[in-house]
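Below, in structure tokens: the form predicted alone, a single chain.
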């Protein structure tokens, strides 16, 4: 069982609990690999907050682009954050926006790790069969 705080000390709150649930069945090597990929792809709450604040200065929707919500980013950009109402709502909910994105990234990272592990196992099995023949 891997210690989440050893691999990802910057996590807090609900994200920490969720990632701890993912890492509980991994050994330290797997958890370290997961942590490297996850850390590179996750978005920090403060960055989402700063980008949402830029919406009041004519750059509305940047936080939506960064979170992969291109359609909403374009809508916010051309409507000034839906007349700043959407930007205000996003300022209140910035932590949940970042949390939802980070959970999606955690699932993608986990599936990517399991896919590469399956391919590694299959390639080794095929190589062994080829060597035996």
Partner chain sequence: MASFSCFDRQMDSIRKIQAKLPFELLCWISALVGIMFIDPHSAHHFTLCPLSLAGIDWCPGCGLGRSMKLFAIGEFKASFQMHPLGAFAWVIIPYRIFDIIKQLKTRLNYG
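Note that the structure is a prediction, hence the values are computed from the model and not measured. Numbering follows the first chain given and starts at 1.
Here the subject shifts to the form predicted in complex with the partner chain, a form of this protein not shown in this document.
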| query | finding |
| --- | --- |
| Joint contact, 79, 100 and 103 to the partner chain in the predicted complex, by non-hydrogen atom at 4.5 Å | yes |
| 4.5 Å heavy atom contact, residue 32 to the partner chain in the predicted complex | no |
| 4.5 angstroms heavy atom contact with the partner chain in the predicted complex for residue 22 | yes |
| Any non-hydrogen atom of residue 69 within 4.5 angstroms of the partner chain in the predicted complex | yes |
| The partner chain contact at residue 37 in the predicted complex, heavy atom, 4.5 Å | no |
| Members of 75-110 lying within 4.5 angstroms of the partner chain, judged by heavy atom, in the predicted complex | 75, 76, 78, 79, 80, 82, 83, 84, 85, 88, 89, 92, 93, 96, 97, 99, 100, 103, 104, 107, 110 |
